[in-house]
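First, one chain by itself in structure tokens, the form predicted alone.
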Amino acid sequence: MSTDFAPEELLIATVADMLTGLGHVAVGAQSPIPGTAALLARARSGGGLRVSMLGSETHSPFTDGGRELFDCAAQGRIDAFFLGGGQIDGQANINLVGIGDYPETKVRFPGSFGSAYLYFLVPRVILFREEHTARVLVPKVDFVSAPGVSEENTYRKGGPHALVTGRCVFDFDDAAKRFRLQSIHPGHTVDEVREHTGFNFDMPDDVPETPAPDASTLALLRGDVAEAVTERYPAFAAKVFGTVNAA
């Protein structure tokens, strides 16, 4: 098995590492990389991890979509979830509404849906946005669809755990209420991350490289996991893994 890997495979393996030891991971619609990461984590666990992937007939127990997902979150039965945004700022606020002063937004995004609700309830929320540019990672979002931090004495079980992008991984410092650069993906640099990030962040003196997926991870990913994710994301599976039964 070659240890050469696609950028998507690095992101999948990186996110899967964050799901180790959990009991139940839920994935929203239109999230092929987080969804594949959840399936990889499940395969590694020997089936011990429960994955609920909205829109899937095979990898979700829900028959009523988002409402059952919200019920599970309210009951404390989801350990991790993924959120993204058209904008994300340094306090882990996300914007899913649009760019510009609301309601006169110049660009409209899909909408907040249940993002704020889940952000408060799910203990480990992983922010994911493959595009890492200053137009996405901004000093302050134009509209707060879901807040990354809350005022003192606010009951909040959930919150940001990390931010994974196409260039690096940030973890979130709850005490400082800001991101800290955790690792740089192979082929990228600290200066590049700083140039393309609109918010300030902390960092160690020596920033490590994001670990590359090893041969056993790639074998699992390109085998059983690729076959499993094809049901929900056939075009993605065809592009990254070369599956033959993709639509």
Partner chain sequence: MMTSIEDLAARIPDGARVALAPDYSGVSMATVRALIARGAKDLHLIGVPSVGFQGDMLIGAGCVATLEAAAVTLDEYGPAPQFNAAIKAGALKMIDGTCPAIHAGLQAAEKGIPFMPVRGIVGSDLLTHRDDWTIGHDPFDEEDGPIVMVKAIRPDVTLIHAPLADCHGNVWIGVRREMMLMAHASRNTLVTAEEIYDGDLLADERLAPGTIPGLYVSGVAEAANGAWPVGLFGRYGPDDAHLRDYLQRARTVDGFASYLDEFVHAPKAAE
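Residue numbers count along the first chain shown, from 1. It should be emphasised that the depicted structure is a prediction, and the values quoted were computed from it without experimental measurement.
There is also a form predicted in complex with its partner chain; it is not shown, and the following applies to it.
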query: is_contact(Gly114, its partner chain) in the predicted bound form, heavy atom dist at most 4.5 Å; finding: yes
query: Touches its partner chain in the predicted bound form: Phe143 (any heavy atom, 4.5 Å); finding: yes
query: Exercise: Gly198 in contact with its partner chain in the predicted bound form, heavy atom 4.5 Å; finding: no
query: Its partner chain contact at Thr63 in the predicted bound form, heavy atom, 4.5 Å; finding: yes
query: Which of 65-73, 199-207, 182-190, 218-226 lines the interface with its partner chain in the predicted bound form (heavy atom within 4.5 Å); finding: 65-73
query: Interface residues of 22-55 toward its partner chain, as seen in the predicted bound form [heavy atoms, 4.5 Å]; finding: Gln30, Leu54, Gly55
